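Take a look at this one chain, the form predicted alone, written out in structure tokens.
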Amino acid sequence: MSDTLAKNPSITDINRNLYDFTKGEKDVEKLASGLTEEIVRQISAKKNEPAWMLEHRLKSLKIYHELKVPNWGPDISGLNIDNIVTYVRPNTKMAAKWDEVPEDIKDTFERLGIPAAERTSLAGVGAQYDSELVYHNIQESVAEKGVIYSGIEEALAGPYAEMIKEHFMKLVPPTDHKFAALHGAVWSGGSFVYVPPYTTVEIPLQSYFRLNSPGAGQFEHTLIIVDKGAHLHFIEGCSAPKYNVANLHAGCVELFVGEGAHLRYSTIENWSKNMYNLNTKRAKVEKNGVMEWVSGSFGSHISYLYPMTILNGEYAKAEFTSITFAGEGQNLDTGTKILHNAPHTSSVVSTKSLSKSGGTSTFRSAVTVTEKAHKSKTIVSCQSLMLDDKSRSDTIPLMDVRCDDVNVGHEASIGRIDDAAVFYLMSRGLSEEEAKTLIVNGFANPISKELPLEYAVEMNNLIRLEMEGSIS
């Protein structure tokens, strides 16, 4: 074993069972599969929602039936909504104390390291199991600052109900695309965060989503409002065991960044390879605000994922940093959208993708500079690394520039691992697999260094897993 890997035993000792273990469905409540008005009404009734939310769900259902399935990206004909269970409730209520979570669910999150992370490096944690939150907690010192971090359904019945009504699915309306409409009809679970003006949350908040039930969908909604001059780092993690039937993830993330506020949103996605990941994420940034995205996508059979940032105020900034790893049987179509809608706005996009064993990785970017966005600047950089001659990588950039006094740039590179570099590392005592893994980790390093330590380690673990058996 090389010295590099020996110093990181967690990378070599990782076992796929950390993510692929399954739990039974003892006493779970499941609605019928498919999508009907009756099912939508049942979901709303179980949650005792206000009348406006039921109206929103039914309107979204109508829009869903009117819109067509996207035909410009990866083939999702293997996903049949009639076979998807849109609501699965675990046999528990949401707990504010870890000891109150049922043992089988608690064991799942213990094995994923969530409680340990909360104790050492998080200001608050929300844990969702299938369709419902099972645990939510925030440190007293953070709550005393006026920071609100709760389940969004819980918040719907509290003092922030009007704020949620004002913002819910306003950035991502049901008319946006077919799966946004599906989300609007059957959404369940998720988190609500409000950070008051000029408040800094020094350590991150985190939500973790675990889909346990085969043939089910997860449709959580995350709504974050960072008020004027406030700062927040929010981390999202997700995983699921592998089944031989399709699962669906069609969540929604809406982020509102106020004047002079700063939000970093970090994600490590490790969905199983029977998952259709059709998630939608969008942020709106006001004057002098900053929005940072840091994203790692390692799982799912098919992904459509393009976080969008609307730079709506003068001097607003966006940074998007991501890495995608597509292995055998995976077609990951990812990227980002940036809308420059005010003067002196700026954005930097830096993405990396890897593909091996016949996997397909596609990067799409859409940067729009409106007539209002004088003196704005943007740079898009994407790098792709293919690990064999069976894999595929594509880059599809779009630049729509509607005024002259702006600075716009794009660069892309696609290549394979350098045989000479592999040979050199092998001459220093590494095996071929270790050499290639070391090169891939170096390629991914600019992304991992943007993550908190424990999540950078998880990303390295996932890369190691993907690289196992990649020598052909």
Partner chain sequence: MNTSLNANKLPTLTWNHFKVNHKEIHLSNEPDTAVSPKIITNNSTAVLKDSRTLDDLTFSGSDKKTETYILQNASLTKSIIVPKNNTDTAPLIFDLNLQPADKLTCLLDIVLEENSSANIVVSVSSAAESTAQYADLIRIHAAEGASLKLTCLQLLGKAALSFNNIVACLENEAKVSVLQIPLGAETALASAIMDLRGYHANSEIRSEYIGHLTQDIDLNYVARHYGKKTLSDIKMTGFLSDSSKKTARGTIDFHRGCKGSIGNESETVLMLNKNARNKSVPLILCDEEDVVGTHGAAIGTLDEDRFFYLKSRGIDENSAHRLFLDSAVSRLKGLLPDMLAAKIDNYNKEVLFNESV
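Residue numbers count along the first chain shown, from 1. It should be emphasised that the depicted structure is a prediction, and the values quoted were computed from it without experimental measurement.
Unshown form predicted together with its partner chain; subsequent notes refer to it.
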request  = Using heavy atoms only and a 4.5 Å cut-off, determine which of 245, 143, 398, 161 is in contact with its partner chain in the predicted bound form.
outcome  = 398
message = If the cut-off is 4.5 angstroms on heavy atoms, which of these, 34, 429, 442, 415, is the one near its partner chain in the predicted bound form?
response = 415
remark   = Per contact check vs its partner chain in the predicted bound form (non-hydrogen atom within 4.5 angstroms), the hit among 379 to 387, 124 to 132, 250 to 258, 206 to 214 is 379 to 387
request  = Evaluate residue 66 for contact with its partner chain in the predicted bound form, applying a 4.5 angstroms cut-off between non-hydrogen atoms, and reply yes or no.
outcome  = no
request  = Spell out, yes or no, whether the shortest heavy atom distance between residue 357 and its partner chain in the predicted bound form is within 4.5 Å.
outcome  = no
inquiry  = Test of understanding: in the predicted bound form, would residue 315 fall inside 4.5 Å of its partner chain by heavy atoms?
reply    = no
message = Can you work out whether residue 167 and its partner chain are in contact in the predicted bound form, taking contact to mean some heavy atom pair no more than 4.5 Å apart?
response = no
Sequence-ordered list of residues in 341 to 368 near its partner chain in the predicted bound form, where near means a heavy atom within 4.5 Å = 364, 365, 366, 368
